[in-house]
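One chain follows as structure tokens, the form predicted on its own.
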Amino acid sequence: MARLLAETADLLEIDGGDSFRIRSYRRAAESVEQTTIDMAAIAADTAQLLAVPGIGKGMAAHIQAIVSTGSLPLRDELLARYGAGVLELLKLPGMGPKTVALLWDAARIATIDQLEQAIEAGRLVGLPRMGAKQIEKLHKGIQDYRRSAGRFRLDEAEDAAARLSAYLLHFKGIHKVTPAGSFRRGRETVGDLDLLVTGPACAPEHTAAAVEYVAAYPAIHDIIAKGENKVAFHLASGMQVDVRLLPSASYGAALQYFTGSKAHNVSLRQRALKMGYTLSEWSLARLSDGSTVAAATEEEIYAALGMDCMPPEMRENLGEIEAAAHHNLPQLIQRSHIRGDLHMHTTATDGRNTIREMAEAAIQQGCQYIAITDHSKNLAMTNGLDEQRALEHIRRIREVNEQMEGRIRIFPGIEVDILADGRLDLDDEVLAQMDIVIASVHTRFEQSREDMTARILRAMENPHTRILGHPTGRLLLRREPYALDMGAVLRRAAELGVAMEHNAAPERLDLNDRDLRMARELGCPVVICTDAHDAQHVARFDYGIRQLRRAWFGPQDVLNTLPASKFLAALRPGPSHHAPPHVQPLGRKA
């Protein structure tokens, strides 16, 4: 319902509709999406609809039309005029309704394919607001979109899984819902979502009712397939979900099979064949007579194959089968090992909460220490701190630290910008008074591989740099990493003792698992941080922990598993390491 209303607003804007009318659709879409009221259940009662904020008489009639027909007449009328392709155009980075309207009016462009053809034919040159840089940006946006189309971030998949699991567990006889596939392995993005469902209702003789219940899930956009024990469908986001109903007796075999990866499963089946077994989604069975050896749990299956059961994140056929067979799997890091968060923003720049509120949120997450690392002045859009404000901020951080009375330790820090030439954008005498200096690239992503590498290497040479923040600058499914010689950066970081940040924000997950493995092999220090801009973001460690586990990290491989005193000592020593406890005014040496 919310999607149809929001799409109608976009189509109206493309059509040059009245701005008040457009806003009314957008407000209704937001209200419908956020309300806890079952809008379909109250649709027949206009009075109840009008009691929902943002819903007037006209919008109530539209909602009633959606409930009765599954569509919205105005949206259908506008789509018939412009074509469904305009909605896909809106998914391109930086593409809004006004730009789509311009492309339609000037060149009758209504699909991504038509836009690409127009760019390649040079037909956008000379159009209003279509300079060479904008055209190049659009072309790159098409390429990026096609690479990422059909992929979803971990937090998006987790949210979809949680909502659907809650719905399924309301059905009598469904006792367990377990996500499998690439989501369970912790891949940074997923193509679809596999859910395995077990309980008495999933026994072969009872599945019919459960299948109908799954197929009635209100958030389904369209059903792809419905069988005796499986329902496949799309959500409104485009995410495909496969729900499989399984008898408990074969749950372990199915979980192992549908978790994957494909390469892991192929190697495991080959091992089973050599031992006289066949492995399927139903069981591990003897080749000789088909009798079941193991099926109920993954642990039983791996044990029957002479192996330890490895964590799902390791199952990529990267040596885990050999390690499990030799009983020398590493102890992987867990969320409980993390003692501090070192990358946080507050209302001093672009965060939503105060120092105290971030500290209280971190305590709730089990942190023993945090660093407040607001932005520096180069990032003007975030109200970044200049030298004087940075010194005042240090004072405030230390005041709040004292007010916490030992409940948590708060380190004063900064996320300082790395300028285009590799300099840091705050004076050294200010950086010297920070416990934590994170150096990050936020601008000029288009630099060549050679220039970007030299830029970051120079920034790390500054003795105050203790952590390199989100080292590749990527935003998952939105912005590719900038060009960088990662090997050179990691080798120099290992020599200097500069820690690489693994940014656990689900939109970043930067470094990726491959680069994390390289960092571990080179002996490069690593920290994991949430980059929290909101008190709720302090809970986002889990997304990053999965990537560390995929890279076979143990607790000993991450610096902020250490207690506060040992953590500071383990960081790169430098001028800031010896800063006195009192803030030095500008112009005096620290």
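Just so it is clear, the model here is predicted, and its values are computed rather than measured. We number the residues from 1 along the sequence you see.
Missing here is the form predicted in complex with a small molecule; even so, the following discussion is about that form.
- Though the small molecule is absent from this view, in the predicted bound form it lies within 4.5 Å of a heavy atom of just one residue from Tyr482, Phe233, Tyr257, Tyr369, which is Tyr257.
- The contact residue chosen from Glu313, Glu320, Asp513, Asp194 relative to the small molecule in the predicted bound form is Asp194, the criterion being a non-hydrogen atom within 4.5 angstroms.
- With the partner left out here, the small molecule still marks one of 101-109, 420-428, 67-75, 181-189 in the predicted bound form; by a 4.5 Å heavy atom cut-off that stretch is 181-189.
- In the predicted bound form, none of the heavy atoms of Lys133 sits within 4.5 Å of a heavy atom of the small molecule.
- Although the partner is absent here, Arg458 lies well away from the small molecule in the predicted bound form, with no heavy atom inside 4.5 Å.
- Mapping the unseen interface onto this chain, His170 falls outside it, with no heavy atom inside 4.5 Å of the small molecule in the predicted bound form.
- Under a 4.5 angstroms non-hydrogen atom cutoff, the small molecule in the predicted bound form has Arg269 among its neighbouring residues.
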